[in-house]
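What follows is one chain in structure tokens, specifically the form predicted on its own.
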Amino acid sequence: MSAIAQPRVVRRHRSWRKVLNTTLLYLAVALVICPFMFIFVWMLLSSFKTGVQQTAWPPLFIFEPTLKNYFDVFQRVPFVDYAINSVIVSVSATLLGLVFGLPAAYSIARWRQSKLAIAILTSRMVPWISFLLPWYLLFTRVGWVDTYQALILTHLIITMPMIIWLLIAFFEDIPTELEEAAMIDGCSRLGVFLKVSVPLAAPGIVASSIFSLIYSWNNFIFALILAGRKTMTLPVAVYSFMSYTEVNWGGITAAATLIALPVLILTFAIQRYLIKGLALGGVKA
């Protein structure tokens, strides 16, 4: 083989290897996401089926769709009111989690407060249902059952540990030289935190906020026990289609689709910032 042809063979080999690696990567991603996508597609199709079509065997993938299940959702439960309650609770819990979580994550990252980090991680690992009895007794005593403040405070168990643990890596990745330079210029420690560290950790703040919002939005058990007619959230709307005598699969899938739709729209709208935040956090970790 001539000296001129050899580099061409090497380049061709590298090109084929790159194509093979890319193909294997896409296949691996497809194998991971296909089960989750199948569940979502099945839920979406079932929301347009009648009761007979949902129980047909073999399953029907080609059928005449109906909107009856969606009409039943809005007629059977005050879906709009539940949606407003979910927005108020999840957004407030996420914002309050940021207010407390940002300083906590910064403090753990800068002063290596490992004991505090372990305590927060432990609280995140404890099953949420174990907090229900103390919360219920406390809120019953102070008259906070069926109030927004009760649900928001309980959802901090979800949002704040997640925000803290996701943001620790971002604050650790910020060079201390930048903060020291700002302090030399006359900036206080609080000013360094607000004007230097927080803006640089913006991708992580976006990522942690979205994950916290999703978990708070989907939480079911706290609203079931602590909420009432005034503050009931969307996940309870799904539960209302289940009884001792029947399970209305059409209503369940329609309500679940409507609940998942805002989260999906929000995720797709800011996916660029979400991916950037996860990538930067993953590099540090």
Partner chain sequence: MSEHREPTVVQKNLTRRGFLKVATGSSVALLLAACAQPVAAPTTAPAPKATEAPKPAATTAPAPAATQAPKPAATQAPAASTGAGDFDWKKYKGTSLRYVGWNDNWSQPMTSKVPEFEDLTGIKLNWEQLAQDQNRQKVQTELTAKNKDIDLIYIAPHVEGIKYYKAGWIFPLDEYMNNPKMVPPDFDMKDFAEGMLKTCNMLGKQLTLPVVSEACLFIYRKDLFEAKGVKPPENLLDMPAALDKVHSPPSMYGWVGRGTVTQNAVPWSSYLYAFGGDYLTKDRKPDVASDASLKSIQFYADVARKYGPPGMTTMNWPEAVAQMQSNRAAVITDANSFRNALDDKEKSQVVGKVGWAMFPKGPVGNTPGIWTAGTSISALSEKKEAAWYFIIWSLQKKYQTYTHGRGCPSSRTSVWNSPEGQDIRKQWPDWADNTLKTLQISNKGYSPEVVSVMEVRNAVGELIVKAMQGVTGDALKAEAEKTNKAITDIMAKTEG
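Positions refer to the first chain, counted from 1. Note that the structure is predicted; figures quoted are calculated from it, not measured.
The discussion below concerns the form predicted in complex with the partner chain, not included here.
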Exercise for the section: Choose one stretch from 225-233, 39-47, 25-33, 256-264: the one whose residues place a heavy atom within 4.5 angstroms of the partner chain in the predicted complex. Expected result: 225-233
Exercise for the section: Report yes if all three of Lys18, Ile62 and Pro175 come within 4.5 Å of the partner chain in the predicted complex by some heavy atom, otherwise no. Expected result: no
Practice task
Sort through Leu194, Ala181, Leu133, Ala202 and report the residue having a heavy atom within 4.5 Å of the partner chain in the predicted complex.
Solution key: Leu133
Practice task
Could you check which residue among Ser188, Gln149, Thr122, Gln75 gets a heavy atom within 4.5 Å of the partner chain in the predicted complex?
Solution key: Thr122
Problem - 4.5 Å heavy atom contact, Trp165 and the partner chain in the predicted complex - result: yes
Exercise for the section: Decide whether Leu67 counts as a contact residue for the partner chain in the predicted complex under a heavy atom distance cut-off of 4.5 Å. Expected result: no
Handout entry: Residue contact check: Leu137 to the partner chain in the predicted complex, 4.5 Å heavy atom
Key = yes
Handout entry: Exercise: Val126 in contact with the partner chain in the predicted complex, heavy atom 4.5 Å
Key = yes
Practice task
May I ask you to list the residues of 29-63 that have any heavy atom within 4.5 angstroms of the partner chain in the predicted complex, in sequence order?
Solution key: Thr50, Gly51, Val52, Thr55, Ala56, Trp57
